[in-house]
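Before any questions on how it binds or moves, here is one chain, the form predicted alone, in structure tokens.
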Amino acid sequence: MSADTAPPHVLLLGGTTEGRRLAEALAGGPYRVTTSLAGRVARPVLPPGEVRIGGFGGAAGLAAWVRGHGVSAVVDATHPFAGRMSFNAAQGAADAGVPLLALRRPGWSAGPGDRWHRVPDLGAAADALPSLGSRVFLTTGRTGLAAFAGLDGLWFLVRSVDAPSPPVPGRLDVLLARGPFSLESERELLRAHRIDVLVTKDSGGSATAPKLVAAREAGIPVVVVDRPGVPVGVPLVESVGAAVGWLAEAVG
């Protein structure tokens, strides 16, 4: 097949439910889709289409891969907190001269009865904890736990897909689990571990949202880490359908 008749090649930076659903929506369509996964999860759920695992080596490496593989457009559907990858994607796509779209599920919003404390980063979350509780349910993932390592007076329950690596808090129990989680299971978890404060990133979505409802019901304060912004100039959509529409306009 010649370059003129080859289907447009879409590089999908995945690792999220939205990325997998976009790959599913594009399967069998007029595109060649390659999903790139960071490789940080031991047993990722693989999407349809071609899959590559591992980093690119920064923005320059991504730009080189895009040029070398005839990529027509890039969709950044990484985790809302994968800030470095998003900025590398913006620079790499710009350097390669291909359009880039960011696909992000909407963030969470506090409702009546919520006791939320919004903070800009994990360090600020750690600073806020001593005045809020002593038994912490930490659901920010297995990376970044160093921010909480110095809080010796607190006990932590950490939930993540894979086991965390040091440095971690001294008083720590680890629960290995992958969402979605039911409201009843979250209620029972808070009761069983006598949790009195929850820490989470504003990841959005429904898979892990029941913990917020359980915390509201129990009157437990929630420290919510705000997500980083999308790089300046990168268009943003919040649904798979909108991403499909953008691709149709961007590459035909």
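The numbering used is simple: start at 1 and walk along the sequence shown. Owing to the predicted nature of the structure, the values given are computational and were not obtained by experimental measurement.
We do not show the form predicted in complex with a small molecule, though everything after this point is about it.
The partner is absent here; in the model of the complex, the one residue of Gly54, Pro30, Gly68, Gly219 having a heavy atom within 4.5 Å of the small molecule is Gly54. Contact annotation: of the candidates Gly107, Gly179, Gly83, Gly133, the single residue with a non-hydrogen atom within 4.5 angstroms of the small molecule in the model of the complex is Gly83. Partner contacts here mean any heavy atom within 4.5 Å of the small molecule in the model of the complex, and among 84-92, 115-123, 163-171, 149-157 they occur only in 84-92.
The small molecule is not drawn, but in the model of the complex it has no heavy atom within 4.5 Å of Gly205.
Although the partner is absent here, Ala38 is a contact residue: one of its heavy atoms lies within 4.5 angstroms of the small molecule in the model of the complex. Within 4.5 Å of any heavy atom of the small molecule in the model of the complex lies no heavy atom of Pro44. Using a 4.5 Å cutoff between non-hydrogen atoms, Lys201 counts as a contact of the small molecule in the model of the complex.
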